[in-house]
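The chain below stands alone, shown as structure tokens; this is the form predicted on its own.
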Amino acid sequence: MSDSVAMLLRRAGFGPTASELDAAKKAGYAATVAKLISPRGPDVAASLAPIPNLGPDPFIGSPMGQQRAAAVAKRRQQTSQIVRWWLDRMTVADHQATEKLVFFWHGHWATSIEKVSSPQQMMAQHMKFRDSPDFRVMARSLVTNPALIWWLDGQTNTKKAPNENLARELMELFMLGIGHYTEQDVKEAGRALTGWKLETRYPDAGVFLPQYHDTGKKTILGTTANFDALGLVDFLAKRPQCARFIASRLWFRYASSTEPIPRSTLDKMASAYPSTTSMLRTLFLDAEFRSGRYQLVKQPVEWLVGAMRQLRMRPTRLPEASTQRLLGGLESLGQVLFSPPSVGGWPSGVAWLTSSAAQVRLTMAQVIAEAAQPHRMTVEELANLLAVETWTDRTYSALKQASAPQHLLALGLVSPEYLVS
């Protein structure tokens, strides 16, 4: 626990700058947790990356021919726009814990634009992550969210033609976890979710058509009632298993993806549910989290945004060729914002440390170093710049061999000490 403030800032956000780390050390651990969880005032720095106004979806009106081709091109341009915006927002924001939590929810309610296609719908879902005060409210708003409905085939779920995809993932991946429901519960929950469609004109909320809804009674987890979509998520959100599942998922992404959450930590976090910020506060103050026994491999987005922050760079201010190479690198590594690979979200741990990933990351590090144009510095100054507590002898020796500042910086960015928090 000798330098747990640095670990706290790395986990709660995307990577502290040297000045942020110095200030946090002076303030102390508890004060830093309080500032992270309950920052004072609006995030002025984040306003430098305002939320994009995409306007109406170009597919409104079902365009045909050349107009359809133009609409496809417009959606492609808007998709690139929101990806770049979010990377920029993560980088400039002062309220780092807020931005990191939004990133967590994106991986939890994993929905991809590769199938959804509409940037407007993806952004509407993204805003629900930001605007929901607690998990119960979030679950309510997402179960009728057009992006999630389309992603999990909810628009085809009617009383005459049931589709249980959304119901299954609602229980397995979003709210309860495996082992806390039966196949019959999934079928009954699927009936509760019938009747919801979507229209391109309304990216923020689905459209309920009563004629497609199954109004009969359903028995779910031993309770019989006339469940509908909102009644179902309210019911699931009140289950003790939901609080414990969300606690375990937060532990998985913030503390350790390899070691299970300790029972005492789980109990304390579950008692803070449904406020996920309160759950995070409980986690960050927990002795197990602070022990330093648990390690996490940075996800590619965490790695890139952290580097941008520490070098005081912005993805949208780089030369276009450099930005393209970094975005291409994220795609090669398998982590593009708004495009998780499956409903299970992105992998974790050593899955990001393959030999092919190492080569891609080195290329990206060289692009970053080239754009940063660092001055000559010592290995110790590099550690301070990147908020690395210490180098191993092996890494230190390798860094000492660097022939130029750019080479030194690139090596530091791909070092094990920087990749593993």
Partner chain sequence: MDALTRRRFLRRSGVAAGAALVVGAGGGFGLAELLATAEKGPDVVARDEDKLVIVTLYGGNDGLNTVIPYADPAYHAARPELAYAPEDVLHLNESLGLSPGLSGLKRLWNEERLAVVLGVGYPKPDRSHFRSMDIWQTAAPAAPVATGWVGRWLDGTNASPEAAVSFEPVLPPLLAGSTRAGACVTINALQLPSGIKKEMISALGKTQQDEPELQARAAKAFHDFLWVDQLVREAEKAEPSTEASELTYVPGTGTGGDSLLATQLALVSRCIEAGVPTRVYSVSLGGFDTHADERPAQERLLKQLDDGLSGFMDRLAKTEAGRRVTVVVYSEFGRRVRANASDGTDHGTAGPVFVLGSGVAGGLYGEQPSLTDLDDGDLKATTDFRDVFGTLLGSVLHADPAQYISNHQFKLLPLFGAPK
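Positions refer to the first chain, counted from 1. Because the structure is predicted, anything quoted here is derived from the model rather than measured.
Separately, the form predicted together with its partner chain exists; it is not shown, and the next lines address it.
With the partner omitted here, the stretch from 361-369, 39-47, 376-384, 64-72 that lies within 4.5 Å of its partner chain by heavy atoms in the model of the complex is 361-369. Checking T224, T215, S291, Q295 for any heavy atom within 4.5 Å of its partner chain in the model of the complex turns up a single hit: Q295. Just one of P240, G231, P341, P319 comes within 4.5 Å of its partner chain in the model of the complex, counting any heavy atom, and that one is P341.
In the model of the complex, its partner chain sits within 4.5 Å of a heavy atom of W151. Not displayed here, its partner chain is approached by L353 to within 4.5 Å at the level of heavy atoms in the model of the complex. Within this chain, S19 is remote from the site of its partner chain in the model of the complex, having no heavy atom within 4.5 Å. Not displayed here, its partner chain is approached by E114 to within 4.5 Å at the level of heavy atoms in the model of the complex. Residues T392, S397 and H407 are all found to lie within 4.5 Å of its partner chain in the model of the complex, as judged by heavy atom distances. Applying a 4.5 Å heavy atom cutoff to its partner chain in the model of the complex picks out S332 as the lone residue from 299-333.
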